[in-house]
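In the form predicted on its own, a lone chain appears below as structure tokens.
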């Protein structure tokens, strides 16, 4: 396997400097698209896309982004490939590495992603697993810079389950000097080993990590509230049991009123309106989720440019 920072498997593998460089490049690419149009940074490059989970934003933004950079995307059908069934993960990765220049993977198990990176020789990009969603975190970082000017010193309060999005946001916060607050029912916190990993990084970079079981306490000093569905893909059987725990953790007018006046809201989408977030908040000018969705396009382009060592214009 190449060095882990030759891939985007989790933001744990990326330095603070690389994260900031990627966000800066995403901002540049967004500006360039408006002023100069599409580029040829990935001209001649082909990216394979393997998606086990359904997608609107991720599949669209990667395909459109690859096209805008002059590359070509190839969708790899999970049923046809049969990873680990029809053929071993190692053999598939070795073959793909001889045909494509990078592999974008959206799957259930982080282990599958790790194995593709271990046996292949091209960059592997995590487009979502059950454990992490680094592209979403980078798009959030870009959105924060656009709205607040910087990441360091800002406070994000994640209201809901300690899930894959929360995990990646926490790592981003730790490495960029942000404060991260999780508000969740007891028993739905983030993995203890991940918190243990992040704690000294928060301390080193001047940020902080807190957990509240009362969302009202969590929002009092927040710059932005982050929401996600209470039941992630593949966990639908937990819907009834989870809803009873999470009902007090809805982002609504009453909760937002307890936050500072300039506090904003975002959501990784898709949103279950009326559950984790209300219509009034979703349609409010204080909601940045659609700006964040737009920035998925540019953040992921920046990731591909970084990992595929595309030639930047002079």
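Positions refer to the first chain, counted from 1. What you are looking at is a predicted structure, and each value in this text was computed from that prediction instead of being measured.
What follows is about the form predicted in complex with phosphoric acid mono(formamide)ester (CP), which we do not show.
Within this chain, residue 133 lines the site of phosphoric acid mono(formamide)ester (CP) in the predicted complex, having a heavy atom no more than 4.5 Å away. Taking non-hydrogen atoms only, residue 30 never approaches phosphoric acid mono(formamide)ester (CP) to within 4.5 angstroms in the predicted complex. Contact annotation for residue 41: none of its heavy atoms lies within 4.5 Å of phosphoric acid mono(formamide)ester (CP) in the predicted complex. The closest heavy atom approach of residue 106 to phosphoric acid mono(formamide)ester (CP) in the predicted complex falls within 4.5 Å. Listed residues 54, 37, 285, 262 were compared with phosphoric acid mono(formamide)ester (CP) in the predicted complex; 54 is the one with a heavy atom within 4.5 Å.
58 is the sole member of 58, 45, 278, 68 with a non-hydrogen atom lying within 4.5 angstroms of phosphoric acid mono(formamide)ester (CP) in the predicted complex.
Between 108-116, 192-200, 133-141, 206-214, the stretch whose residues reach within 4.5 angstroms of phosphoric acid mono(formamide)ester (CP) in the predicted complex through a non-hydrogen atom is 133-141. Contacts between 253-271 and phosphoric acid mono(formamide)ester (CP), taken as any heavy atom within 4.5 Å in the predicted complex, involve 268, 269, 270.
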